[in-house]
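Following this are structure 1 and structure 2, which are two forms of one protein chain, each written alone as structure tokens.
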Structure 1
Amino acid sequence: MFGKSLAFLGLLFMSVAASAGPKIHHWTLENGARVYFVETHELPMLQIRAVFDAGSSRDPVGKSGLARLTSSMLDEGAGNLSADDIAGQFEGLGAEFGAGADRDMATVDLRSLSDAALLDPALDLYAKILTAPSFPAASLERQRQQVLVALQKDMQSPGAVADKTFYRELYGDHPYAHDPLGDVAGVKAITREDLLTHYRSYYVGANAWLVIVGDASKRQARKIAERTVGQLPAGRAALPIPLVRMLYSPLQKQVAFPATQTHIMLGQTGMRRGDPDYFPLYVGNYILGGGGLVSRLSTEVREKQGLSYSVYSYFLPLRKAGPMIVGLQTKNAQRDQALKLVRKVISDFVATGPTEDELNAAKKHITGGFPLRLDSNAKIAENLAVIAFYDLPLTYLDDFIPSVEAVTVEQIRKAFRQRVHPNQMVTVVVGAGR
């Protein structure tokens, strides 16, 4: 999914022009599904990703984890095929299938060789999984137990405890507060009928986007779209999720945990996809804490004071305002000192912004590394799915480097002063008490 760094050009670009983005073809099927296609013949491969507005933000009250469990159950049975049948057929075709769900979206992936003798049966199987999953009861119980085991492991991980607590405290009763994996009570309450209801409501044409990248012509891509998501009922697009609340006062949550290291997360609501301040905040955050060892936070907290081996910050833009997060781990005895210093570095950056030298170095690193972040069909498809789902301009990849290069110190200062509020942040501290 999207994680702590936003992946964005690669070998495809090199095959066209050093600074040109891929040509994106876009059309809409009769059932409402929107299709995005990039043609590239460097490898005899095809990468397909179906995207649905069916992430954990769609989980009903008391059934947290439904979206993730639904996606994980898709290949447990389809039509008259069992999970073993499906796995065996994909393996025999040299194809790979995957599915998952985050807070905003659910994804269903197929990677196959483009040879028709292998691609055609792989597409037929993929289409059957998309259009006729059977959600067998026995598989549901097995998957449920796997999720419950994963949740138990999370309870024993201070990092996972910090992450889940942070989202709950930041988002309150908003759907983004729920962890996509769910919680014990919610996962135990999910029934097969819940899976069917979620699937029938959200896995429909009007709620779907299809990304196709690789060794195919536009004519072939049209046929692929029709025989996969084109077979879904039209249905209806999901209703908009609520706006995210703004915090106007600080909140700190201490969680006792028996560990030698304290995990700290602090932050606030950040920005949505397509936000007008995206590039000033993105470039500014690279300087603050997104640039690894060259960032302000790393220099001050790690290098100068030795208070943490790793300290970072990032924005995670979502359909509504995603979080801006700062995180670190430190010795229990140093946590107050480390937290005080982190807050000071954030406050100083918001107050004064970066220097010209910091900005120039950040631009060089971001633009220099950009070509390595789309060096496979899978990475191109992932970025194309973001463009599709969040309705970003088709020129987004073309515009990325020029947009980074156009950012000024003053734009960063203005964006951070208006959008980042050090005195209104949620702080979560997970570690041994004193």
Structure 2
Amino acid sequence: MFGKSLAFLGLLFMSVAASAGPKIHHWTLENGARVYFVETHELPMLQIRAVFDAGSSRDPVGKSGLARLTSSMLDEGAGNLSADDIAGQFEGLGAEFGAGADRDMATVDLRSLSDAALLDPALDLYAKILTAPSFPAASLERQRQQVLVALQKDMQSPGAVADKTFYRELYGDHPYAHDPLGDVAGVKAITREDLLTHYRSYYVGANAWLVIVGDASKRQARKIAERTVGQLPAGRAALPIPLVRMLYSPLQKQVAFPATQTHIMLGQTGMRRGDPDYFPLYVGNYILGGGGLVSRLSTEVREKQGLSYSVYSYFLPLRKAGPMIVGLQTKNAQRDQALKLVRKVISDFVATGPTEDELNAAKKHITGGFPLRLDSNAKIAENLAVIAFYDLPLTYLDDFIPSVEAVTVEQIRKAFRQRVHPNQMVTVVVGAGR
């Protein structure tokens, strides 16, 4: 999709944002679920996202892949309805259902027209899936096989191999180490009982957030919340996941792979959501490698040397310290040259920080483009989900531009010097060598 530059990598990091953001209504249900609602009537549609603290960092040891499998099993059966019934009903209403899990969150999405004749039955079905999934044993076997094929496919992708190796090396025995899709042994070991336990522990009010965006009044939104997530038992909030340990010595991992290009990823633990250094690191990273074709990494590696089609850096802030990642791909013979250059760009940036001009350009980009982050119901819902799940202030979007404007060169320099350690990074190299 993105040819000239992999701009979306920047977006991962920037996914929360806004200025004079939309008016957010917020309340808490009896079972503890927290609701975030934005009213927009321009289009006759409604978007709902339930979020649970039930991502792959909750996978038990030896059962990696459980969170993802649980979410993809939700629409395989609910109450007395089969997968065919559920799919037929949703799609007959023109509604779209989806569920997924990343390292922190599990999400359950519904998009429907707001016409009551369509929305009401879609909400009933959505509520049934949330509150009474049946996890049929036969479906589990089939889904398990599908995940195993997907895992096998990942093995033929140098990018996927690099990504998984990177997280494994960086996070060691921390739950962030394993891929949300799981691994072969884990996926094979998962039982229906595991799904039920995961679901019963984490898909509960105290562990839930609900985002509603679209064509509904506040009164309607209250009812929607009550008849969906409000029907879950209160349960208990999930316990905190362990702190991430920093690595204090460099680590290099080489994986032989039959490909024309070598994929390189290097990085370290970065920051959590709500980190006090969030804005200096975020703005600084835009200058280093987040800003598409105009970043330092892209200028040096791609524009001046022609070594790579895509080269980028980003912080992925999570509940606990997420990674800081620098990545690129280059033909095998250029591997050492590219790696050396990337290291130099990072070290220089950490040593001297950005120039005033670079900082001004970065601020202009981030603040000037702020409206683009909220220009659809879908984007508003994504932002709300992050604000909700990571317990960011309701004024987060309103505060965003002033927070960016307040960042100084000195703050960026200090934050990068304290937090980014070019000599202690994990380096993963996947390719054919020379």
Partner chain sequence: MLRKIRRLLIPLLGLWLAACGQTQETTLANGLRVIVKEDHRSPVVVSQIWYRVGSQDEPERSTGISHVLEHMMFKGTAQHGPNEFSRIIAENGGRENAFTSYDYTAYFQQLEKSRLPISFELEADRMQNLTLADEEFRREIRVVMEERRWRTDDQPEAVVQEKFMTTAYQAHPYRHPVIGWMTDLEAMTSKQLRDWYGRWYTPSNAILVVVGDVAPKEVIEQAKKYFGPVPARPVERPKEVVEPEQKSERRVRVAVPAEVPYVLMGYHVPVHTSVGHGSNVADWEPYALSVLTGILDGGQAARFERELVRDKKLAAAVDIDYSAVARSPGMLMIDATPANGHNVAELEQAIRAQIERIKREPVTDEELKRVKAQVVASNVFSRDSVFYQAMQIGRLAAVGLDWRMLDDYADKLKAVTAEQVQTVARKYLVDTNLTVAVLDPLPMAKGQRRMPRPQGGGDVR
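By convention here, residues take numbers in order along the sequence of structure 1, the first being 1. Take the two forms, superpose them, and find the largest set of C-alpha atoms that agree within 1.5 Å; that set is the rigid core. All values derive from a computational prediction rather than experimental measurement.
Chemist: Two forms of the same chain appear here; which of them is the form predicted on its own?
Modeler: Only structure 1 fits here, because that chain is the form predicted on its own.
Chemist: So, superposing on the core, is the move of residue 389 at the CA at least 2 angstroms between structures 1 and 2?
Modeler: Comparing forms between structures 1 and 2, the residue 389 CA shifts below 2 Å.
Chemist: Taking the rigid core as reference, does residue 369 move its C-alpha 2 Å or further between structures 1 and 2?
Modeler: Yes.
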